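Given next, in structure tokens, is a single chain: the form predicted on its own.
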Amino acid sequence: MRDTMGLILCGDEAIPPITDIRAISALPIAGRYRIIDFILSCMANAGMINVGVATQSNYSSLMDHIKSGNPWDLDRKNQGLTLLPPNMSRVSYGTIKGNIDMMASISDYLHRSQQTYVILSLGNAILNVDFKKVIKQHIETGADMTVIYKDLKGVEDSELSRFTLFEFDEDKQVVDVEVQPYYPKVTTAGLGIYIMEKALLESIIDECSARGDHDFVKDAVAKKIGKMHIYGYEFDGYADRIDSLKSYYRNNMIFLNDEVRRELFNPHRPIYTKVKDQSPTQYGANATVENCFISDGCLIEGTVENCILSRGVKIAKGAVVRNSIIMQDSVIDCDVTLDHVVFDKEVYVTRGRKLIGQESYPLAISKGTKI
């Protein structure tokens, strides 16, 4: 797939307080990974040698994580992984109001890229997809654009309303689109991933910028229905997008499910991440650990159940932590009780404190907080 490039847009969507200092794409997930690792690894596994990551704000954490792209074999003298902060001189009115503006600000990068096709990722998707199969279908159908979707049958309307929904005919050609509808008509949810020729994407960006449009789906895809051949590629594996604290919590906890974990960490399509050389996790003599996803460098002397722990977390004797996400270098002191909480990095909870959230509304604590 050297004739296909990847473009990942990391917008400024917010999940306070855990995105106060970072983009959603840089949020830790499953302990040692970041959200961007999934889509970036899918592109690397497909053999792409040119991937651009466009940013909007709070991108220092993202820069530190991906750096030159070495874990994804994208640290190359020519092409490889390119981090693309916005060039405001290329944006109409001098402000970024949508993903069209983000792409307009990096138009020089797109123009220089030599590939014929582009895989565009607009969201913060969690999935492990074989892009080789997607490109093959795109070419065989003669599509102008292909959208990757998942049929969410049986899912509540409130969950469907988080997605862009596509309606297809019997040939899987798009006939209608709904952007986060309050009353969904269909259950086929787009995953924010689009495949097309690079020349078409550049044309769409120019056209939308000239009209003062800002949103790729609302102002480009929706208006092109009936004028272009837009087909769907159905993905039948686990997939979701992270756009709220509730979805962030749920998509971390899903890694405690053996079946989903095996699918997402498919050995034939590995998920890569930044490597940190740390000592193995240490468990005290009285430690109790059940159904957890624990990274390297932790020290556990208390009770931990149904949790996701990032690197370097310390849980003291007598502490009880359940159903929680604890990010890097946080410290839980003696006799602390935690349930359904999401801790950012370097949170320190002093002796005897009790913090309780709910599955539908986990309690989130910002980086560096002392309680």
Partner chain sequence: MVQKQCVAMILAGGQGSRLGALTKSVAKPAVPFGGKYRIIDFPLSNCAHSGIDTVGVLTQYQPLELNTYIGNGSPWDLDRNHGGAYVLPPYQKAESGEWYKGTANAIYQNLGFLEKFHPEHVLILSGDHIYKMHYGEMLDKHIKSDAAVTIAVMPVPWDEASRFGIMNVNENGEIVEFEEKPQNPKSNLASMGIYIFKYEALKKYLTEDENDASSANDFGKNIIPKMLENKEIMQSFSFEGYWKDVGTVHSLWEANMDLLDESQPFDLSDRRWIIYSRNPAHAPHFTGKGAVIHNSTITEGCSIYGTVEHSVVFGGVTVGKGSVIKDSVILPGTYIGENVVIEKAVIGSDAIISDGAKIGVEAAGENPYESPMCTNDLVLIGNEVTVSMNREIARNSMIVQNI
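Numbering follows the first chain given and starts at 1. Being a predicted model, the structure only gives us computed values, none of them experimental.
The following text describes the form predicted together with its partner chain, which does not appear among the structures shown.
Residue D258 is the only one of E140, D236, D258, E156 with a heavy atom lying within 4.5 Å of its partner chain in the model of the complex.
Only one of the listed residues (H111, K185, R262, K227) places a non-hydrogen atom within 4.5 angstroms of its partner chain in the model of the complex, and that residue is R262. The candidate stretches are 174-182, 115-123, 191-199, 265-273, and the one lying within 4.5 Å of its partner chain in the model of the complex by heavy atoms is 265-273. With respect to its partner chain in the model of the complex, the three residues I35, L40 and I242 uniformly fall beyond 4.5 angstroms at the level of their nearest heavy atom.
In the model of the complex, its partner chain lies within 4.5 Å of some heavy atom of A30. Proximity of T82 to its partner chain in the model of the complex falls outside the 4.5 Å heavy atom cutoff.
Contact annotation for S295: at least one heavy atom lies within 4.5 Å of its partner chain in the model of the complex. Remark: T95 does not count among the residues lining its partner chain in the model of the complex, judged by a heavy atom distance of 4.5 Å or less.
Using a 4.5 Å cut-off on any heavy atom, the residues of 270-284 that reach its partner chain in the model of the complex are, in sequence order, P270, I271, Y272, V275, K276, D277, Q278, S279, P280, T281, Q282, Y283, G284.
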